[in-house]
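Just one chain follows, in the form predicted alone, and it is written as structure tokens.
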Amino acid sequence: MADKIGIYVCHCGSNIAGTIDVEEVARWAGKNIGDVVVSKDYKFLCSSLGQQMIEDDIRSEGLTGVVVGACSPHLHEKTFRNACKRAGLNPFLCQMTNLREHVSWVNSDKAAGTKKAKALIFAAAERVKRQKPLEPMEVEVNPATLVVGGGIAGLQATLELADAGYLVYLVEREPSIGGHMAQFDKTFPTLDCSACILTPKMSEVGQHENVTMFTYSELEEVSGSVGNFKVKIRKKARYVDYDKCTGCGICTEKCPRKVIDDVFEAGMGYRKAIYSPFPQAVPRIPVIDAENCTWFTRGKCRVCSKVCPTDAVDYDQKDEIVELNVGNIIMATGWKLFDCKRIPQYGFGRLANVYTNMEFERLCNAAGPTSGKIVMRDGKTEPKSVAIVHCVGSRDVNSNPYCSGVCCMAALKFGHLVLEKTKAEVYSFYIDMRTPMKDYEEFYQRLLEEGMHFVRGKVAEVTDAARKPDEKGKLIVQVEDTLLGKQRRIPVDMVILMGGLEPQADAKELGLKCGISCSMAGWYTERHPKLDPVATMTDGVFVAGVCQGPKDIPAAVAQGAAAAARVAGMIAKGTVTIEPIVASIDEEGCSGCRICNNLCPFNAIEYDEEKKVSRVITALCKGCGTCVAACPAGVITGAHFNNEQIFAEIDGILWDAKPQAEVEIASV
């Protein structure tokens, strides 16, 4: 049967028509490309009228293929495929070519742009003639979900799904859920008590009948695909029997060994060798720190075992691997604080009264080591002047070029707390003040009224080298005040460094286990930054919270709920549709070299030890073509991207070069 191709070129307002003669492209295509029976231009093809035009032509002309020259397929490929499907044409016989981003937006010469658009339309037409009908695949979805990370985003996602009646497995590497929010004193801009907001959610998760928690545990391995993931979780040895322990706290109280708490207290306080991170911890089951426990290091003590009324202490406990089956995974692994020692000129770790923002959070927290009193390192002297330095490790080409998003507001919060609790002068050294969310600007104006001093300029140095008598015994902040246009030296008693947010150190490693990638900065990459910010390129794996990029608590909560909604929708439907654009291996020709196994970025190729051949896991494959290109035997084929289709597309894009090439060959 002869091909009948329909070509449709979109004006996209002036986005495309501004630098491409759209009418000329459509007219030319109808006259010069073989098998084209319809060639039209339209102002907005993605509109309902534009789609209806395509559907009507498919029915009336009996089109066997459709070419749409418009914007990015990421934006509207699904739109035009659905239009073809409604008209009875297999959606995979529709080919989009990107005239907006690939021509119009990168070009100012209308004649050159029109010529390039013709080449792209010609290439798409030649390709679509060789495309085959494909049918999407459906797989059943296991209603259980794995949430990795017990911070506020992970807790929100867990509760949304559990309240909907679905089973949730929550994995948290620390002994308690809560994340960084559990360390905070107040939350901006309302100055609500962080613990008052967070602990009810923690308690609800801990008691929920549909939630199984794995605290002090880590994700070890992920296999399978959307709808049916198989995961292995390593439950680290607590050396306390979870079922026997009542959380009475006697073991912690009697333990004679104290160590600096570098995690929850950010090095500002102490904990015991057997401990719960904080009084409201969920679960209340303590953990023995084997590296600091006297029994494990010297073979002496055993006080905790002797005083435990339920004989819950078990020094012989080992790590345990738990295997689970889940249908979807939500990654909510959070962030870590920038190491302020990486900017040595600010003096952190060298000058006693230079604090990080997390240290100050614990300092001014009512449940912190000083019971909320703002004092210097000696534990008793109240500062008379405080400097807050913004953008430490953020917006800096030498560390992180991105803005951490929350530091300006956290700095304003710290300024308010210092002014509220002391009579100190507070200086805020900022590059730009960023207060874009609801009521944030109002909070900034409040601090101006409260008397906080704002100095616009990037701090060059924090030093204790005095030049004047009034600088002796002080920390001197050296800064260029860009509003006054001069250098300033401001002596203060305390400096707070607003360290930026960074991805977790093992984010890339953990992402590889789940088949998702990271940005250059290390944040997890979403499927689309605007249209799909919670999904990833691996179906069934979603991201929520700061692991996807810097954001404040409301945004993290919203993203956690959004990820849960996406998962709940898949569970309610019962099945999920997978695109059929995948690779396939001709097992008869496979030599078992396993090159494809090692190269697949989605871990979608398994090796059959018995048959000595590789096999594609269809549900995991994304059709990227890496294996197709790498196979030395040439026995891997990519559906929708086979050699015939690709070569036809190349041949089509070179339409204007072919006559000249033929002349040159004839003259030889």
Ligand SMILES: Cc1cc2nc3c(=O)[nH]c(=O)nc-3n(C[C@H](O)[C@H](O)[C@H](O)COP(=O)(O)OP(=O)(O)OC[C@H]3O[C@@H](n4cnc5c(N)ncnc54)[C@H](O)[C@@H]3O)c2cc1C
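What you see is a predicted model; the values in this text were computed from it and never measured. Numbers for residues come from their place in the sequence shown, where the first is 1.
There is another form of the same protein, the form predicted in complex with this ligand; it is not shown, and what comes next is about it.
Peer 1: Superimposing the C-alphas around the site, does this ligand, as posed in the predicted bound form, end up open here or blocked, where blocked is 3 or more of its atoms within 2.4 Å of backbone or C-beta atoms?
Peer 2: Here the site is open.
Peer 1: Under a 4.5 angstroms heavy atom criterion, identify the one residue in Val205, Val541, Cys94, Ile152 near this ligand in the predicted bound form.
Peer 2: Comparing distances to this ligand in the predicted bound form, the residue within 4.5 Å is Ile152.
Peer 1: Among Thr79, Gln504, Asn98, Thr114, which has any heavy atom within 4.5 Å of this ligand in the predicted bound form?
Peer 2: Selected option: Gln504.
Peer 1: So which stretch, 265-273, 316-324, 184-192, 566-574, is the one near this ligand in the predicted bound form (non-hydrogen atoms, 4.5 Å)?
Peer 2: Among the candidates, contact is made by 184-192.
Peer 1: Under a 4.5 Å heavy atom criterion, is Pro369 part of the interface with this ligand in the predicted bound form?
Peer 2: Taking the distances in the predicted bound form, the answer for Pro369 is no, it never comes within 4.5 Å of this ligand.
Peer 1: Does Lys413 make contact with this ligand in the predicted bound form, using a 4.5 Å heavy atom cut-off?
Peer 2: Yes - in the predicted bound form, heavy atoms of Lys413 and this ligand come within 4.5 Å of each other.
Peer 1: Contact with this ligand in the predicted bound form for Ser104, defined as at least one heavy atom pair within 4.5 Å: yes or no?
Peer 2: Answer no; every heavy atom of Ser104 is more than 4.5 Å from this ligand in the predicted bound form.
Peer 1: State yes or no: in the predicted bound form, is some non-hydrogen atom of Gly247 no more than 4.5 angstroms from a non-hydrogen atom of this ligand?
Peer 2: Contact check for Gly247: no, nothing within 4.5 Å of this ligand in the predicted bound form.
Peer 1: Can you name the residues of 165-203 that have a heavy atom within 4.5 Å of this ligand in the predicted bound form?
Peer 2: Heavy-atom contacts to this ligand in the predicted bound form: Val171, Glu172, Arg173, Glu174, Gly179, His180, Met181, Phe184, Lys186, Thr187, Phe188.
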